[in-house]
Every structure is written in C-alpha cells, then in structure tokens.
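Given next, in structure tokens, is a single chain: the form predicted alone.
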C-alpha cells in the first residue's frame, strides 16, 4: 500500500540522518573538514537564508536556477517533441534530419559551454542554451520511439478514414506516443538540473551553481551540502509537478489499464 511505502521511505531517511549525526558529531569518524555535521549544515543554512551568501539568499538563488531550468526545459519541449514526432511519422524527415541529429547527439551538453559563452556571453542566455541542448536530445529520442511503438493498424485506420494531418497528429499520433514522450521529459528534466549546476559553475554571478562554486573556493563544506540539498529539493519538486501533469495527460491510459469491476 501507498502508506507503507511512504513509511519505509521515511524510515530510511531517518536512519541515514542518524548515521550522519553519529558519524560526524558523536564519534568523529568523519572529520568536519571532509563532510559537514548536521550542526555545521544548519549553521550554513541559517546564514544563507538570513544574511545571504554569494550575493543572495537561498530562496533568491533557488528561484533564479528554477527560472533557468524552466526556460531551457520549455524550449526543449517545444523543439524536441515535435521534431521527434516528425521523424517518427515521416521516413523522409527521418532520412533528412537523423544524420545531423546522430552527429550532434554524442556531444556532451557541457561541451557546448565554450561556444555558448562565445555566442551569448556570460549571462543567462548561454546557460539556457546549454540546458536546452541537454534536455533536447532525450525529448527527441523518446518522442521518436513513442511514434514507432504505435500500433500500425491504428495509424492505417486513421489514414483510411481521411483524418486531416493536424487532427491526425494531435488526436492520434501524439496521444498514442504520449507515454514514451513523458518518459523522455522526465529524462530531460533530470538532464536540465545536472547541466544547470555544471553551467553555473563557470562564470555564473547568481544561482545554486554559484553557491556551490563559491563554497568550494571558501572550503565551506556546510554550505556545499546546503547547495546540494537545495538542488535535490528543487529537482524533486519539479519532477513532482511533471508527474502531476503526466497523470492528468495520461488519465485515459490509466483508466484503460484498470481492471473492470
């Protein structure tokens, strides 16, 4: 049951927290210079939440990073999903676009940072570009795979009924491929957060990556852990929002999968 899974998860978190406290604050098995204790982490959290750190409070840094992720992720959805659908639907489009996509696909997103800075400077636009590329690739691949996994009989029936192209895409193709599309979006969102932190480590003046970079330079383990936990919480919240959107969009699919009463 759901409450049992939640109870197990809570127990795991409590156990890890106790082990952390014992290893750092009680026994000293792990020195504070290598990994912060709960007391050090709480002190760092109070500092960045009140006086601020790296030219801003934790909330301001987190909101800035959330905005960058949201913008890069949105652009990736707007470009990657339609491209994947097009390549999966049209063999001609696949033959035309896929060679270029296969060429740029193996390039790590972080490899685009020098070009992004050269083209767009050290501002937010360069970071959004890098996030976009990181999220773009999974969106294209899973949208393409989703179309190719659709039952051929369904597509043929829509064609035989003379369904107009726009209705065919919006009412047949996209809904049928939507489970795989959302799988790609979850991967894209994860890649967005990973890439954001790495991008903000280079030339960023604000954001959670900036906090981590400055804390590393200051040799401030407590602040490093606060920054890491902030990234984890932001990623968890955005993933939860995406899951809610997926549940609403795929309600028809979940209904079909339930056994008849």
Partner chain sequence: MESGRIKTGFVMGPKLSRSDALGLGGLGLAGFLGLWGALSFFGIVPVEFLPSPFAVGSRFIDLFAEPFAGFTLPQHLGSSLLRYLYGVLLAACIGIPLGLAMGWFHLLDDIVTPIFNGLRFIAPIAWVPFAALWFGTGIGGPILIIFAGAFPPCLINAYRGARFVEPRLVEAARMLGTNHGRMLTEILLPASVPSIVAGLRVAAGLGWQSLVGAELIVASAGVGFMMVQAQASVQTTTVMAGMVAIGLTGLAIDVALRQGERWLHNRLGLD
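Rigid core: the largest C-alpha set superposing within 1.5 Å between the two forms. Fair warning: this is a prediction, and the values are worked out from it, not measured in the lab. Numbering follows the first chain given and starts at 1.
Not on display, but discussed next: the form predicted together with the partner chain.
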Practice item. Would you check whether the partner chain, in the model of the complex, lies within 4.5 angstroms of a non-hydrogen atom from each of 53, 125 and 184? Key: no
**Study point:** the partner chain contact in the model of the complex: residue 78, any heavy atom under 4.5 Å
**Key:** no
Check your understanding: Is there a heavy atom of residue 48 lying 4.5 Å or less from a heavy atom of the partner chain in the model of the complex?
Key -> no
Review point. Does the partner chain come within 4.5 Å of any heavy atom of residue 35 in the model of the complex?
Key: yes
Check your understanding: Should residue 57 be counted as a contact of the partner chain in the model of the complex, where contact means heavy atoms within 4.5 Å?
Key -> no
Study note, to complete from the structure: Answer key, the partner chain contact in the model of the complex at 4.5 Å (heavy atoms) among 201, 63, 205, 39: the residue is 201
Review point. Listed by sequence position, which residues of 55-71 have a non-hydrogen atom within 4.5 angstroms of the partner chain in the model of the complex?
Key: none
Check your understanding: Once the two forms are fit on the core, has residue 244 moved its CA by at least 2 Å between the shown form and the other one?
Key -> no
Check your understanding: After the core is overlaid between the shown form and the other one, has the C-alpha of residue 99 moved by 2 angstroms or more?
Key -> no
